[in-house]
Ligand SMILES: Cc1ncc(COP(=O)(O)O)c(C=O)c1O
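Next up: just one chain, as structure tokens, the form predicted on its own.
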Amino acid sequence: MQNMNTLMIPEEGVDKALLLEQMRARREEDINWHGHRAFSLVFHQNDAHAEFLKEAHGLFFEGNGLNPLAFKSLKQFEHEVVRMTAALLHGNERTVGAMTSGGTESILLAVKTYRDHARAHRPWIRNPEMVVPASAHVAFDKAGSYFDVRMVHAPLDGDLRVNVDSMRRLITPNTIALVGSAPCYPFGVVDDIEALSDLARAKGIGLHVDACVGGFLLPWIERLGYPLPPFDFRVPGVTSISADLHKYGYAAKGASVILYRGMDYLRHQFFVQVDWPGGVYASPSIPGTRPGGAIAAAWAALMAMGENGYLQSAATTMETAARFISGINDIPGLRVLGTPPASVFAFTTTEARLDCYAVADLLALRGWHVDRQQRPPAIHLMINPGHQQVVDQYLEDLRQAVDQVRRHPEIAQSGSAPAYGLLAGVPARRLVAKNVLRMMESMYGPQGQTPNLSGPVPWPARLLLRLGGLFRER
């Protein structure tokens, strides 16, 4: 076997059937999302819908959205996806936007756009800042790092929504925009978008609503009669919204939409270069090449599901989430955090001797893919329609895990639980970041190493690879 450092393209092509067999074998090592044992990373409507998306994607497999004049079909698909999304989120004829590769790119573009909008309208700002909730997705921090915009984090209230008064106090002459979540990823609660709108308008700055999770779910549950305060373009201070199609829109990955109230913002998202020897270059988003399959499949998903399909899916999802939440709250020692209005939530333990990470370890041993959170220690769930098949089994396994940890609290000193506790409690966050960086260097270095978690692995690598929060959905 070749050393991975010297792995080379084979001199002769390998038989395609054999390659597909090898690929299927490797896939067996992935999480069991098809058995509904995972609560993130994959949003699966049903097998028939997935097969339809594969076919739609395949029709435009070699298409490239980079050139809308060459691929007019893709430009039309994108235009119609943007218009349908704008209508869903109560935009109007002036609402504009573009498709992106996912929520992270949508957020990156929003931050870049607000930065450049400020450069054009408030050029005296040299050190731009955005005020975001402490629960805002980490993609905002990533965007701030990329585009040199400081993210100022506002604390949360007891209901886990951002404290609006704190946001007001954190605004400075350098503030270029505010952010609210609908809902936030960690706890599934919707920030007070109307109050943030009033604040943004009073200060003359933009307000971005991160609806990457909720953009294709909240409108449907509102129509189903669930109480939900306005979060979209009905709120006058909202100037942009990000919404992921490949989550509750049930499109193929990766597909998201970034919308703006008007072209005055979107024009600052565009990149144009007219002096390149290769010709005039213009791009609406970060990539150059834009895979046509994802654009086409997103359009196909919206058209195939239809309003009734999304309403039925949302109804099943919400009923299933209610069963999970009720069942978790009925287990002594557990509590769902906040009052999430949708199907994204987290729960924690309420007894000092009942270690949340030990419970998570036991769930993992029972075959569940567990997303662990910190501050506070918690287990995170995102419910899809297929999870209705596993509610009872999950709750029974959870009940047994809680009972086992309660009877044997020493379990918290084994497995990955003590390392999780250590991570959450380490005050020197640079030490944690240093270990994360080392792990990433190992994974993406010449060896491409992913430590075997069942073997003798140093605790930082074991911890960080098992930490569901290390790779958050976007």
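Not measured: the values here are computed from a predicted model. We number the residues from 1 along the sequence you see.
Beyond what is shown, the protein has a form predicted together with the ligand; the following relates to that form.
Contact with the ligand in the model of the complex, judged as any non-hydrogen atom within 4.5 angstroms, is confined among 366-374, 182-190, 77-85, 267-275 to 182-190. The shortest heavy atom separation between T349 and the ligand in the model of the complex exceeds 4.5 Å. Shown alone here, C212 lies within 4.5 Å of the ligand in the model of the complex, counting heavy atoms only. The ligand in the model of the complex comes within 4.5 Å of no heavy atom belonging to P133. Although the partner is absent here, A358 is not a contact residue: none of its heavy atoms lies within 4.5 angstroms of the ligand in the model of the complex.
Checking I107, V238, V257, A298 for any heavy atom within 4.5 Å of the ligand in the model of the complex turns up a single hit: I107. Of the candidates H137, R290, R115, R261, H137 is the one whose heavy atoms come within 4.5 Å of the ligand in the model of the complex; the others do not. Contacts between stretch 222-247 and the ligand, counted in the model of the complex as any heavy atom lying within 4.5 Å, involve D244, H246, K247, listed in sequence order.
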